[in-house]
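Both blocks below hold the same protein chain, though in two forms, and each is given as structure tokens: structure 1 and structure 2.
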Structure 1
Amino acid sequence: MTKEKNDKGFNFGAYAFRQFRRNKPAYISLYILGFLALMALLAPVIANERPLFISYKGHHLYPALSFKKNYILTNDDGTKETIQLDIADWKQMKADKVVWAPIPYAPEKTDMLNAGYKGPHDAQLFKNSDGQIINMPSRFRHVMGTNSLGEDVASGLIHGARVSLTIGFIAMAIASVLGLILGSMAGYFGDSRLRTSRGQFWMVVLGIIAGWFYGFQTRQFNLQDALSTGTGKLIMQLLLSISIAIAVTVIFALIGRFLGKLPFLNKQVNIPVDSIVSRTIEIFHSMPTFILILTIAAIARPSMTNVMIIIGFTSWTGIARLTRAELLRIRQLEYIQAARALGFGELKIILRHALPNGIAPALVSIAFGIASAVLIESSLSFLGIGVPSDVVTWGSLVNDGRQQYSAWWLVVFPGVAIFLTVTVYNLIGEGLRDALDPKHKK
């Protein structure tokens, strides 16, 4: 009955959003975040070594937007000319017309003439298309200076937004999926609601082991070979392994359903989901996360994917704990009992009825989680651990600045960027917390 009323007269989502909008700092943060995301998305167009458009010997080219490796141009006199996109010196080309990106430098491209910490106001040099070295024209200035290698800080800042936002987002996506699934199962089923026959239970346990054995153990060399061949092959082999594992588990489960009808094996047993998940959360919680991340990052091959996965797998506990607590409360409510009485499947009840009402605290935790993931990522790249050394990130720029304290632009700009991102997420988290809490009315 209450639910019906909710549907017609009162929409909690709309109410929460109205509350959220009244919280000015949080609402502005949402816009800043949108701006940062746009900047990250458009990074190759905003800051790029290659021109957006160049008219070269009568050819109209769009190098910044091209995925090609080479341009093979046929000139008027019939000769062929190859331009390799990644190493071509665009600024030296005699172009009829050229449109540069707002920041005409790529983050990893070194500018030899301006190497050695050139500040925003220092004298900068430029080699023009005639090969002469002149004072920097204002169009090509390194507006935020350069580092020791002559890499452009502004460009690094814009491309670094990509790294930070992606890592924060994907790591928290992994954590959210884990936390929501485990937390809602623990909260909803508790220790006594998930019941199955003894035969079925043991067959599923055996099935998972057997599935792992046939899917992964016996195919370990296929997977190893695929890993060294390439990503496409690896994904194919992994998919095959996973489907074998699932198929074997399902077969065991089906046998288990049959066995569960036999005497002795048909005794009903409880699966203590809550105890298992709670203990796991406690164990994860008492683990020194940052040191764990450092340890794994030190041993694994440096890669962005690894960093995301490690952060994701170590930060799901908060979300799980909050979701568990909410669902523990919600499962006692009448409308859930009504849904059960109507004979809805457990999965449907959790996904359609229980979780949507219990997700609010988790959302807040996710917003804060992204902030701390961004912090962890920048700390890791500041230390140069786990993140590939050729990727320019905000943390790595600050680290560059640590080598030379006079180069304040290397410390201040990226630091402000990190600070801004973290603050924005924290403010959104706070705004969400206040907006989603019915007691807190503005």
Structure 2
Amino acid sequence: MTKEKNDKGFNFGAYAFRQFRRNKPAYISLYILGFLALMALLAPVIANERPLFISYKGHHLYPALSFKKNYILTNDDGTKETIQLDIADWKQMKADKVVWAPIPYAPEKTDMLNAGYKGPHDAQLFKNSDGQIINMPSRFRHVMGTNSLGEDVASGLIHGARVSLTIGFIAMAIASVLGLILGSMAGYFGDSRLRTSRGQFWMVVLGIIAGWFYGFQTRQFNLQDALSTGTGKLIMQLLLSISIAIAVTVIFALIGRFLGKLPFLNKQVNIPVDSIVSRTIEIFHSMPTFILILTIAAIARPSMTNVMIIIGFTSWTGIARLTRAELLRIRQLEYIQAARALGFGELKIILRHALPNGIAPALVSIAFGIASAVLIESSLSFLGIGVPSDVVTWGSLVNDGRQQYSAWWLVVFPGVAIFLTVTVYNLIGEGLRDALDPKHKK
């Protein structure tokens, strides 16, 4: 009786989390990842040249937390003073009280007094509120040094975490959607479970070809122009092309429904979904992915959105293969057969029953994929063809170090950040693999 009760009350999610907690490196990595995410989220508060709070001529201001472009202050004598937030030199203002960010520098702001690769332990200069050049006070030291322009490395490191984590998460979100949809369709339907009339099948095939032609081929100059112009225009043109392609395919499918009633065209045929998806995966695997990403990134205008889309659309194959393999097994299980016998639609069975039970291996691939996306983004930024040049990333910091080999801090600190982030994701992926693997069940 006790054994039966325990089996009935078994919760695989709680069990998997307990198994994950037993893997100490993976569990500690989860906390490190949370710390990195919190640091990226609070980057404008942690590293900012604007004060968090300043009391100036009787006015209480919060420049680091303000979305205004300028402050218009009324002094005691009735005169007005305008402080433009983006160009104000806060460190030279004679304030009554000021609270600085832990790192009082923004990543893109230059400190000309400390330009030319100042190391963490080198002599650094500071201009005080009286206009005098003095030795750098410990409160304002560049704790990780500067680059050739005098930009603070520590500030760039913190803000670069936001870029790397954002690109990693969103790129793999795109890849996950593609991989889960295509993999689940290939695994569940195979080559023989999805049937339609011969007329509708061939009309859909022709519709896909026609949709591609009218949606993309005839609009290739619009897409090329949008690719080199800006992210917003590119997204709009892509959505328009996808809408045209879908509309044309739907029109052909509706025509095929009527043609499917004709004597010769009403014969039922199988749609080889598994073969189509598998051959597509093989095509992507046959191409050098990083070279493909380099080519597209070199043509496209530097943009975070472009990098995320490029990485996402080239990283879905591993997720699709694992999902396909799981659904090939799950579709034969009793509860899927019962759902089909009860008259549930195929889409409902896939989304509510099959995919939730087959997503575990894909989660492992997604964790490894985020680590790969962080490496790819850093590589693109190192080569100068990733995000815009005015955005500081870990890869761009390492690239600055390549120009001055003696500036070891430009390589060591961002290199350690990249290594730590990739290692954390890999350890979490290994922990998930062990926790979700039934062979390791105790």
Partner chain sequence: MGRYLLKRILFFIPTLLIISLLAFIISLQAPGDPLDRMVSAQENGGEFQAQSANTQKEKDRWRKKLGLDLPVFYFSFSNAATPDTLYRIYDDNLRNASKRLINTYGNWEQISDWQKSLNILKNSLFEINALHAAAVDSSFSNADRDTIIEMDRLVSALLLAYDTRLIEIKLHQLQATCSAHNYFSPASTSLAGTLNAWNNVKSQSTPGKKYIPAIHFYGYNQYHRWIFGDGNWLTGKGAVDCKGWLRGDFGYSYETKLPVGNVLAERVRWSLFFTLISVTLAYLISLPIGIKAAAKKDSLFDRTSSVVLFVLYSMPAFWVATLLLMSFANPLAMDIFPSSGIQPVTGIPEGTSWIEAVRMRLPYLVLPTIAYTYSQLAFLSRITRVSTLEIISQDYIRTARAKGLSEGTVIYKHAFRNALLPIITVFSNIFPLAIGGSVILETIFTIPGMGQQVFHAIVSKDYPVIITVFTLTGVLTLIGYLIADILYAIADPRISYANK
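Remember, predicted model here, so these are calculated numbers, not experimental data. Between two forms, the rigid core is the largest collection of C-alphas that superpose within 1.5 Å. Sequence positions of structure 1, starting at 1, serve as the residue numbers.
Inset, instruction - Only one of the two shown forms is the form predicted on its own, so please name it by number. - result: Between the two, the form predicted on its own is shown as structure 2, not structure 1.
Legend entry - Large Cα move at Phe213 between the two structures, threshold 2 Å, rigid core: Comparing forms between the two structures, the Phe213 CA shifts at least 2 Å.
Legend entry - Core fit, then Ala245 C-alpha moves 2 Å or more between the two structures: The answer is yes, as the C-alpha of Ala245 shifts between the two structures by 2 Å or more after core alignment.
Legend entry - C-alpha of Asn306 off by 2 Å or more between the two structures on rigid core: For Asn306, whose C-alpha is compared between the two structures after core superposition, the shift is less than 2 Å.
Legend entry - Shift in Å of the Gln200 Cα between the two structures [rigid core superposition]: That residue's C-alpha sits 5.1 Å away in the other form.
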